[in-house]
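Single chain ahead, written as structure tokens, the form predicted on its own.
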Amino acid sequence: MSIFEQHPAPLVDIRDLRVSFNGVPVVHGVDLQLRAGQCLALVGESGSGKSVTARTLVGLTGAGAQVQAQRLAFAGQDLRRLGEADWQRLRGGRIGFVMQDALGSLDPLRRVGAEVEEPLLLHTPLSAEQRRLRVLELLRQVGVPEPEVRARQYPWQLSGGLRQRALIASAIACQPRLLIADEPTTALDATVQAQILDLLEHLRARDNSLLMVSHDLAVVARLADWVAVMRHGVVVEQGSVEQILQDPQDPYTQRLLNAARAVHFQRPAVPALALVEDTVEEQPVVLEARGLHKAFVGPDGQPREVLNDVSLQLRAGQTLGVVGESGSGKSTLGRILLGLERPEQGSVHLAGQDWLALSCAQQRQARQGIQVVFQDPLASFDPRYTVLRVLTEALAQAGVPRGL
């Protein structure tokens, strides 16, 4: 007998859920249950059907989706029979949803404060002043510094981590009975991640339930009571968090855990590392920054220094890691090194050339030797382009002839 069968009346009850897109099945016969005060974690590799399953519970499965289930219920309400007006009353009020893509989930034309306030406006009788104070309280809860300033900024003016925190603040604004969190800590630094996990634990303590989609098994181990492992749209194994993480039965679950352990615990041998360092010291400097200063003007009209006398050096064959909390200036530094931002002071040399002194044409030519993976992949691609067109354009810019 499972932990779910020992107690009646699950808050979420899913039986034989099947989802397909334009006739192509992606979720096959999923059975899940979640009770008040519990946390259920969906784990599995990308494309396993985790996010589709989660989105189905809030009526956001997507265009062209066909959803079938023997039972699909929340708090005894049959979700299969809801119209759009019913979903709008449910979403944000009784069910909060933290989507994986923070930038795509926030309206770029609305200030952050308005985004966080929207559920309060739709689902509570609070006055305008009460909503304003609640928004600031929520932003503080999720670790947003200077909430009064950040509330007046637009999502695109925030770092990825700050956008993620704003999205979480909006999702928990009405203290929903069920919070669905799709990779809720993926863009957060360690300090803020710990704060968010504490907050999620506090929410559960009030008999609110959490359905979490995550690849981070450390987060799963801390928050989850029950774990369901998905692969190719099927739940291959589910059980208590202790059983799944300590004694998995399915071969896929075993491989998933072994891969996670390899990532977290494997370390290079010290002699080999020393040899590599000695070799790298003899290599030429390919990128060097000296004394970089950069400030941005906030919505209150006051300049805020993002970089203060930052210098670095990168040699051929070397990997340099830049770490720090969200909003500490890491991405701004990267954009300056790419020539996408100009510092107020300082210099950047690429292969011995003064990168900032090059003309636009010279920078375009030099940029072929620099490639970047941006933080937000969805916003980095033109949504009107197919994947083939995106890759073909990149190859053409690099001078690769078509057909090769």
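Bear in mind the structure is a predicted one, so any value in this text is a computation, not a measurement. Note that residue numbering follows the sequence shown and begins at 1.
This protein has a second form, the form predicted together with a small molecule, left out of what is shown; the following refers to that one.
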Q365 versus the small molecule, in the predicted complex: is there a non-hydrogen atom within 4.5 Å? no
In the predicted complex, does R35 have a heavy atom within 4.5 Å of the small molecule? no
P343 within 4.5 Å of the small molecule in the predicted complex, heavy atoms: no
Would S51 count as touching the small molecule in the predicted complex under a 4.5 Å heavy atom rule? yes
Answer among 332 to 340, 366 to 374, 52 to 60, 347 to 355 for heavy atoms within 4.5 Å of the small molecule in the predicted complex: the stretch 52 to 60
Among the candidates H123, H215, R140, R204, the residue which, in the predicted complex, approaches the small molecule to within 4.5 Å (heavy atoms): H215
Exactly one residue in Q193, T253, S159, Q100 has a non-hydrogen atom within 4.5 Å of the small molecule in the predicted complex; which is it? Q100
